[in-house]
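A single chain, nothing else alongside it, follows as structure tokens in the form predicted alone.
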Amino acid sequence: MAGEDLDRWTQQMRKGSAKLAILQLASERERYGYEIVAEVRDRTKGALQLAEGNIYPALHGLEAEGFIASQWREVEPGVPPRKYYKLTARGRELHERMVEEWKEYAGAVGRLLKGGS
């Protein structure tokens, strides 16, 4: 029972951080979907993994909300074009606010787990 509860909690925690991860990587430079998946996995040493089946709906949602914009690009002859994503001005603002909120939240949880005052 406790294992199932932990799994559900972990999934929710990871799901909540996916949008921030996407915005972070798109803020650094234009990226395509699979590149975002791989970079998140590599930077977090596998602690945060975005499934390919979940990344594209998240990207499309962020684009529909105006936080990112996309552009198809030819990479090289014989390779299908890739859709690259970049932050919009609105996305940059959201990203900055989310980073601040995340830092504040992580600090508060860290203080809580330390115990005492």
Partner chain sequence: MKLSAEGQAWLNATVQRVMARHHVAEAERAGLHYELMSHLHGAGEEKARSAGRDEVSMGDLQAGLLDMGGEEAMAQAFVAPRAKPPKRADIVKRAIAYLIDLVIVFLAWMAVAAIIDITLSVLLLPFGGTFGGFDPFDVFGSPFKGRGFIPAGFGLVFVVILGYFTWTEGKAGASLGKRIFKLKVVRVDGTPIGYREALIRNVTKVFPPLAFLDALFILVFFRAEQQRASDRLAETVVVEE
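All of these numbers come straight from a predicted model, not from anything done at the bench. Positions refer to the first chain, counted from 1.
Below, we turn to the form predicted together with the partner chain, even though it does not appear here.
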### Task
Give a yes/no on whether Arg41 approaches the partner chain to within 4.5 Å in the predicted bound form, heavy atoms considered.
yes
### Query
in the predicted bound form, does Ala69 have a heavy atom within 4.5 Å of the partner chain?
no
### Query
Any chance Val79 has a heavy atom within 4.5 Å of the partner chain in the predicted bound form?
yes
### Query
Taking 4.5 angstroms as the cut-off for heavy atoms, does Gly46 touch the partner chain in the predicted bound form?
no
### Task
Would you give me the residues of 36-56 that have any heavy atom within 4.5 Å of the partner chain in the predicted bound form, in order from first to last?
Val37, Ala38, Arg41, Asp42, Glu52, Gly53, Tyr56
